[in-house]
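As a starting point, one isolated chain is supplied in structure tokens, in the form predicted on its own.
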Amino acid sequence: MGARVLFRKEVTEILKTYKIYVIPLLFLVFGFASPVITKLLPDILAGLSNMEIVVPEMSWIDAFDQFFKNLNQIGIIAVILMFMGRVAEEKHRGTATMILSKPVSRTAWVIAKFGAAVLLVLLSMIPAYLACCIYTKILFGTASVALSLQATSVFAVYVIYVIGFTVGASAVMKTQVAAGGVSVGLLILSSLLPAFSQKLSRFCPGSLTGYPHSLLSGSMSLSEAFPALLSALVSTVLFLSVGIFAFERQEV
């Protein structure tokens, strides 16, 4: 059974489960809510305190900053929770034994699960981005489509990287909880590494979470993000390869 057939099978399974609703709806809520929250933030802060609080005037950049902040803080955790059991759960329940008893390549199976997860998340980001862009233009009068698309694309690569180490961990570990623990640990490590060295930070995948603001504000160009983008994609392949290598040697 080839990777293409397995990929269609994985997509069909996602369409039949709650996963088809959770990630798209969560991302879409962030797309709609982020510009609204940003627009109302000065009034909210003023209402929470009797003291006069001076809040800088909010702009369309702040709206998209809030969008990416929500995706990075809550969206990424949701992605890990959704996909940490992609392989480990089926090994734990014994369904992997039935599937692998057929002429199925373990490598193709893991890649198909990764590909289906990436497809769902990327397709979820499209309407979320459009909602954020439209509402930002309505509330703030302007928004750069070119810059916001660049920022969204960079963040999308980071999400692919997260899915890569999550599925890789799921292939290595025997339980969903263990896979989730490893994934969260790798997420924390990815966010801390850029702080260790200013020179090495431009090559760290974790740096991609800070690049959307720099791209939106025009303080960096997309070409300057290439080292971290390339590192994230290479790391994704590496994590999947490690997962497949370990999975090939496991008794299921």
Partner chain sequence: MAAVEIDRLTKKFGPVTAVNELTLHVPKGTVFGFLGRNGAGKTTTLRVLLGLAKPTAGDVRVLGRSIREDRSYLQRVGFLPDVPVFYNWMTAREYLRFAGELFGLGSAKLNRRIEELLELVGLHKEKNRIGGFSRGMKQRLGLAQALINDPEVVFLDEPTSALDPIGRKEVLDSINAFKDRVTVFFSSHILADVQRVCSRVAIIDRGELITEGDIAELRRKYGGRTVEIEVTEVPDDLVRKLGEVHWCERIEVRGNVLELGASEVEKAARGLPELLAETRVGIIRMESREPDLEEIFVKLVKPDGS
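Numbering follows the first chain given and starts at 1. Keep in mind it's a predicted model, so treat the numbers as computed, not measured.
Quick note: we don't show the form predicted in complex with the partner chain, though the next part is all about it.
Although the partner is absent here, Y129 sits far enough away that none of its heavy atoms falls within 4.5 Å of the partner chain in the predicted bound form. Mapping the unseen interface onto this chain, T142 falls outside it, with no heavy atom inside 4.5 Å of the partner chain in the predicted bound form. Looking at R93, you'd find a heavy atom of it within 4.5 angstroms of the partner chain in the predicted bound form. Looking at F165, you'd find every heavy atom of it more than 4.5 angstroms from the partner chain in the predicted bound form. Only one segment in the set 106 to 114, 119 to 127, 132 to 140, 145 to 153 has residues whose heavy atoms sit within 4.5 Å of the partner chain in the predicted bound form; it is 106 to 114. Using a 4.5 Å cut-off on any heavy atom, the residues of 76 to 103 that reach the partner chain in the predicted bound form are, in sequence order, E90, R93, G94, T95, T97, M98, I99, L100, S101, K102, P103.
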